[in-house]
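Have a look below at one chain only, the form predicted on its own, in structure tokens format.
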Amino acid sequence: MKLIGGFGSPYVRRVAASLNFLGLDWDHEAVSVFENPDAVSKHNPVVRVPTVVLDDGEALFESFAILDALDDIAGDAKRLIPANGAARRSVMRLVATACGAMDKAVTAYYEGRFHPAEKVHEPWIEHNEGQIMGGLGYLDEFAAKAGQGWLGGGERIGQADISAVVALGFANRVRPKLEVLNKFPNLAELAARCEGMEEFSSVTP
């Protein structure tokens, strides 16, 4: 299968790290939708990354849907999100929080990147930054409880950890003034542990 999109996107990076932890074989096409939209539009009508193209040509898009499909492909023994029940709901809540923080970091970053200076709305940036901090703070509480374990419980890394680590790293990269590594030390410790793994380090932005 092929993953389309650059690792600078937190959504692409969480799919890439997940592919590694699932032990699936994949190739990478680091395409920018701004610079080469045609390379994406032929697979994804919304022209968004990540897009995954399976070996039979079937295209998957939107990271939540992609990761659900990849868990199914990898099988129950390797899946990163529990298949059902309370455990699944708990992990999905953490994943949704991490992705919400990613969304708000992207919005805050794009406000300054794509608008001329006179049209940048600082209160909107501050609003989104507050939501970033709320999401990461929530995840930090779970990281404190987990200690040297994993956010979703269990004996191995799961999607809650992957998404939380990617969210923290992305926020630190695009909103450095928030000092998220200092303000969320438990999450930062989890991130340091995970970023040292080849599954993460091989897909660094």
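None of these values were measured; they are calculated from a predicted model. Counting begins at 1, following the sequence as shown.
The next section is about a form of this same protein that is not shown, the form predicted together with a small molecule.
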| query | finding |
| --- | --- |
| The single option of 53, 157, 178, 49 touching the small molecule in the model of the complex, heavy atom within 4.5 Å | 49 |
| Close approach of residue 110 to the small molecule in the model of the complex, 4.5 Å, heavy atom | yes |
| Contact of residue 68 with the small molecule in the model of the complex (heavy atom, 4.5 Å) | no |
| The small molecule contact at residue 62 in the model of the complex, heavy atom, 4.5 Å | yes |
| Heavy atom of residue 11 within 4.5 Å of the small molecule in the model of the complex | yes |
| Contact segment among 40-48, 22-30, 161-169, 136-144, judged by heavy atoms lying within 4.5 Å of the small molecule in the model of the complex | 40-48 |
